[in-house]
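This document opens with one chain alone, in structure tokens, the form predicted alone.
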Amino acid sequence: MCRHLAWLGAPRSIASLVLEPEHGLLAQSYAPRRQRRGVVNADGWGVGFLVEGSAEPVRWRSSHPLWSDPSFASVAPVLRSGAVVAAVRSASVGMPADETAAAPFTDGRWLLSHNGLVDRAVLPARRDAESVCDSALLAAHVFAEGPGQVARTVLEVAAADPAAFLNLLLTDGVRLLATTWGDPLSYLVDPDGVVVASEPWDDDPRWVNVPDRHLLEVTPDGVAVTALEL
């Protein structure tokens, strides 16, 4: 399991999204408030974001706890982006602990994070997966099926593995898509953009909880939430 967030909107510093919020990902790495499985997320972290002038996302990932990386903390205030996906990781039993297993994953255009667990046996074997961990295999499967078809893909994987937890976050800088399947998710609409997160990073009453088994889509037209139905 893990905690993750995504931002789509006006460029903001990575620090303001990941490190500075009172109950943001940094705090969630050692004291999550809504996590149902696991008590800390110290098995790595990752941040991916789009930068002006480059079509391909850039990433910074690590197998160490987020709180133990002073280099990232020193650089994050000057890194800015309008499309960000970040996560802190609690590795599932039997999954690798190296940084290639840390979200976000990418196909060169989209960034994707998976908060959950899925039986690798139900996923197609793919040579282009970034790791042998379940989340990386699921990401490669979503990319192959087409991120725009993520709702259908989640339904098919859930049918093959009824015990799966399939909360996904993904963006290409134009759209932000998220699914809830077994874990909570919330979003906050700010004047300059939308943040979607495993749990609110503060106690602002404007946070909206997304119902389980739903698809959330953020576009320039606003936020839409629709049911995922088998």
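Quantities reported herein were computed from a predicted structural model and do not represent experimental measurements. The first residue of the shown sequence is 1; numbering continues from there.
Quick note: we don't show the form predicted in complex with glutamine (GLN), though the next part is all about it.
*Asks:* Quick one: which of 149 to 157, 68 to 76, 91 to 99, 122 to 130 gets within 4.5 Å of glutamine (GLN) in the predicted bound form, going by heavy atoms?
*Replies:* One stretch meets the cut-off, namely 91 to 99.
*Asks:* Closest heavy atom of residue 82 to glutamine (GLN) in the predicted bound form, within 4.5 Å or not?
*Replies:* Flag for residue 82 set to no.
*Asks:* Counting only heavy atoms, which residues in 111 to 137 are within 4.5 Å of glutamine (GLN) in the predicted bound form?
*Replies:* Residues within 4.5 Å: 114, 115, 116, 117, 133, 134, 135.
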